[in-house]
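Quick setup: the structure tokens below cover two forms of a single protein chain, split into structure 1 and structure 2.
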Structure 1
Amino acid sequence: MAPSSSKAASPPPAARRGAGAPAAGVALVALAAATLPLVTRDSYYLDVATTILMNLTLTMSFRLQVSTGQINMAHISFMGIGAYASALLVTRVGLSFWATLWIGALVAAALAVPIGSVALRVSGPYYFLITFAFSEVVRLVFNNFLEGWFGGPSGLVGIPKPDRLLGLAFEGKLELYGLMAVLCVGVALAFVRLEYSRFGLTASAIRQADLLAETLGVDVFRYKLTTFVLGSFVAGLAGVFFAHFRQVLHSSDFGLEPMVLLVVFTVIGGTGSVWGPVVGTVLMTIAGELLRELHHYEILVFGAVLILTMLWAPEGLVALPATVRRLLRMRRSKDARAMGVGLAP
């Protein structure tokens, strides 16, 4: 007898069993975010924590695209598209931030559809070059065209902070931190649910062997395009907050250097787990603050850390505890065999 459709659509047992720990991880992130204002309300620490949450939202959306085996070098550009779209709609059209928060993200997702449809037809270096070229085109448009709208080389200034919501003003660092914490936890919860669903398991299979997945009937292109568009939507969401948090936009905010840092944060943390970006983003953002006085050498230091991570922890820092436990088990097993040989008559 054929299984019912409801059973066929349900996630595999392994996915259901593995979803408990990640749910606890989301709860831990939410608890940490809620605890920080109780520990300190210093504007500097709140600013750094807000930046960490914003970077975390961006790296988690980038990791979603990497989960199908594609490194989108234009990901930071979709953040910029959401940022500029929201800034212009608020300053020129007069819309509320709470409307442009979603409109800006939708604009980024809408532009991701044609770009992804073209780029995902190819793979390897060709995909890399197409997305990189699009990123440069977007940066040049922001910097050199429609200067009256985008601000040109001087940047777009005068972007207001989020307007009131239910009587709550978002003028101070604490309120902006709270808003970003809510957005980040919401994104993390959605991505964790997605990771342990059938969609997430299929995306992982595509990353490991896309040709094999296609022979088994998986629509590989549709899955890749879906992750491309969904990741771009969340990047646009982070961009909208970035625009109204910093209150100034410049094309360099969405250029090659921040894109390289995004890749470094994600890869160092580990792309094999949804929690890899959490580890990489928190550690490397804090390291970036400590290296603020050595800004010109920041990329060099991060590059060295990336090389060492690839050599000694190729699965990322998030997998380091499991790697250490595996090595210790191998060492104990080897010692036990050696003792057995020594005691043999």
Structure 2
Amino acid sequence: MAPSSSKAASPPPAARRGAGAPAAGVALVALAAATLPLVTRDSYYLDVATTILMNLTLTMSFRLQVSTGQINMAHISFMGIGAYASALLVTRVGLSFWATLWIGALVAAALAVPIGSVALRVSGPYYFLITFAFSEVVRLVFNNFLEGWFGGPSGLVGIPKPDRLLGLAFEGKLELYGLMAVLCVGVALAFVRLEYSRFGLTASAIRQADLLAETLGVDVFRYKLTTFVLGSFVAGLAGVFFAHFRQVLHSSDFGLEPMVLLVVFTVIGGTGSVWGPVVGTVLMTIAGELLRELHHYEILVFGAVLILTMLWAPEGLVALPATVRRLLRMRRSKDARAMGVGLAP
């Protein structure tokens, strides 16, 4: 039951396409990820690329939640839950990374059910604030409580890298990069298919007008909770990888600063498209790394870049070509403007 195209707000571009093309987009990203190691084996570039891929899984899952109208500020907390869960299971219980990868994500998803159910009792800015409050509570717990488990303000150190799988070792930067690439592409594929499926259309309808969607028979709460839990599962997955990639965990890795960066990547990229987070994460991470050269001025310039980008590309960078075209069209047809054509698509 796709929203009818005769309504004032046209349906999301998704509805007009078929299902095969998005997979091609994922294939392109997979190809890009695969070619990087052929171009460079530099440890620093691999490190940045691995971080980008990891952030991609986080921003894509965050964006899934945003597509149902949820700005979930606790997203990073579920990354932390997965991370600490895996770190503890591997170092204390002796489980293999390949098991804790899924267990950690499941723990995150399991905790997402009660937290999400509570958070979803409110919406809009209140939802934003309640998830922020939850994320601070989780961070404070990691930082100060159960020190025997979480390491207190000093954090956890000495987390081992992933153990061997089918004879393949994961000690080097290249192997870890490869692992994250596989995870990321898998997640991207899942999300792209979801976006263009019935689930995705319904989610988009909810974001645009949830009361209306409800009258059309959509169980809004169930959809929102599903995206919350699903997103948290993926965040947990990223968290497990993070723990064994960096080998050091600290509560600050799961606090407001990294969460805010995820929001920045997603919004700057554009929340309207499943590719928004990809563009945003890649471009802003690279910009951030380039800005390191400015030492003292890094944060100042980064802030200015944020302001300017948001003002010039309010719908996100991924929508920039479309916005520019519309502006040009408006310029060319003054009559159309006189008739009342505006910036709406």
Partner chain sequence: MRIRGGTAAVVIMALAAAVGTATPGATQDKTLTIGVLGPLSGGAASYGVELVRGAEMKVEEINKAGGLKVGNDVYRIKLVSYDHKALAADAATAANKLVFQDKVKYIIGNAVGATCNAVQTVTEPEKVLFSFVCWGTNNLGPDKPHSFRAMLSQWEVAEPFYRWVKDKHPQIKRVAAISPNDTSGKDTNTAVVKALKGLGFEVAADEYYERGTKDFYPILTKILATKPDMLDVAAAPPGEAGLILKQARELGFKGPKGWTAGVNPVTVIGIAGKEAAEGVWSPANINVKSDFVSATVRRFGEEYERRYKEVPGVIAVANYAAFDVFTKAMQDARSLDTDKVLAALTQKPFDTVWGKLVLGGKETYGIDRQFLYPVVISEIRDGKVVDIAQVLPTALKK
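These numbers come from a predicted model, not from an experiment. We call the rigid core the largest set of C-alpha positions that still match within 1.5 Å between the two forms. Residues are numbered by position in structure 1's sequence, first residue being 1.
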Problem set entry | Identity of the form predicted on its own among structures 1 and 2 | 1
Seminar exercise, completed: Students should find the CA displacement of residue 326 between structures 1 and 2, rigid core aligned, in Å, to be 2.4
